[in-house]
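Below you'll find only one chain, the form predicted on its own, shown as structure tokens.
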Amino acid sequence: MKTTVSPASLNPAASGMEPPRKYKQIAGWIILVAVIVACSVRTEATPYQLIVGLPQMGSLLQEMFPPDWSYLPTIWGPMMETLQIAILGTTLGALLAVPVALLCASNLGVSRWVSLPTRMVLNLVRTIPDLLFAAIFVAVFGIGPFAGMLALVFFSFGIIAKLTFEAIEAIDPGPLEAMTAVGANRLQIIMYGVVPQALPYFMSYLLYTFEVNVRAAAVLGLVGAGGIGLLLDRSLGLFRYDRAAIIILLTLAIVLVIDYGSTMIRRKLL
């Protein structure tokens, strides 16, 4: 006797054995909304809190404007120090990240006994926020820009090494296999097979990290790590919000210039 298989028996959703896709999407949205509501209740992030705080926000903005433009010559030196901290921190962190990224990449034939511990150390560095690094180095080396620079070195190292080794793992394996077939050694494979493919992405990550570090360096001064953050903390402590406003505006202008320049460089590289 010949058995006839109906299309409904081949489709679990049509036969009622599996809920339709639409109901899965609805259930997913319900779970997402429930999680957001639970987090909002736990953190007291409610529309009521926002409405209550709006008048105070308006009063603060009223005290910040007009900015104290006469304070600009005073903050120019610390702002340049902030840029120098960001430049040194990003550069040294990027240099440290290159060998670590090569050790972490799984497609370069590195032993797991080397790559796995290296990744664990990298994850540990990325777990610690830059402000905590700054506070630790301030406690060790004292108040000043050196502590801020070291904090950004570790912060930059964690970001650039992570992104770079992921970019190395995503490169085209064809050139690496061809060079291995003709007898190229490990150093030659890295120099002529990996670097040309990964370098544009490395430079893009370097520029992005520098943008982040300029903003981070302005905040590190709040814990005594040098830069414009020291004056910002002093202005807020003295309730001189007009001086805080000129610091924020100058930081914004410099970040916008850096962002525009790095965007143009990234377009040429990629």
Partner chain sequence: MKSNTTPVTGKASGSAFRARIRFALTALIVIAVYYWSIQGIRFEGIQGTAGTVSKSILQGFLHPDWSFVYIPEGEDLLRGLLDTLVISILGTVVAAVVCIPFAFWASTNMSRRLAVSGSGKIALSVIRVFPEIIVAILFIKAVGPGSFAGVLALGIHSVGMLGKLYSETIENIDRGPQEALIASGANRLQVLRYAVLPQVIPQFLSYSLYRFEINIRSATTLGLVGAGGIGTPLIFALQVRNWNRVGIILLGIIALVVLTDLVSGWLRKRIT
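For clarity, a rigid core is taken as the largest C-alpha set superposing within 1.5 Å between two forms. What you are looking at is a predicted structure, and each value in this text was computed from that prediction instead of being measured. Residue numbers count along the first chain shown, from 1.
What comes next is about the form predicted in complex with its partner chain, which is not displayed.
Problem set entry | its partner chain contact at G174 in the predicted complex, heavy atom, 4.5 Å | Contact check for G174: no, nothing within 4.5 Å of its partner chain in the predicted complex.
Exercise. Does the 4.5 Å heavy atom contact test between P99 and its partner chain in the predicted complex come out positive?
Worked result: Outside the cut-off, so no.
For this session: Could you confirm whether I136 comes within 4.5 Å of its partner chain in the predicted complex, counting heavy atoms only?
Result: Yes, I136 sits close enough to its partner chain in the predicted complex that at least one of its heavy atoms falls within 4.5 Å.
For this session: Report yes if any heavy atom of W69 sits within 4.5 Å of a heavy atom of its partner chain in the predicted complex; otherwise report no.
Result: W69: no, not in contact with its partner chain in the predicted complex.
Exercise. In the predicted complex, which of the listed residues (L131, V110, M191, A170) lies with a heavy atom within 4.5 Å of its partner chain?
Worked result: Contact check passes for L131.
Exercise. Pick from A178, V195, I87, V121: which residue has any heavy atom within 4.5 angstroms of its partner chain in the predicted complex?
Worked result: Exactly one residue meets the criterion: I87.
Exercise. Is it the case that P73, P78 and L250 all touch its partner chain in the predicted complex, with a non-hydrogen atom of each within 4.5 angstroms?
Worked result: Checking in the predicted complex: none of P73, P78 and L250 is within 4.5 Å of its partner chain.
Problem set entry | Within 4.5 Å of its partner chain in the predicted complex: residues from 242-265 (heavy atom criterion) | Residues within 4.5 Å: I248, L252, V255, L256, D259.
Problem set entry | Rigid-core frame, C-alpha of Q56, shift of 2 angstroms or more between this form and the one not shown | It does shift by 2 Å or more.
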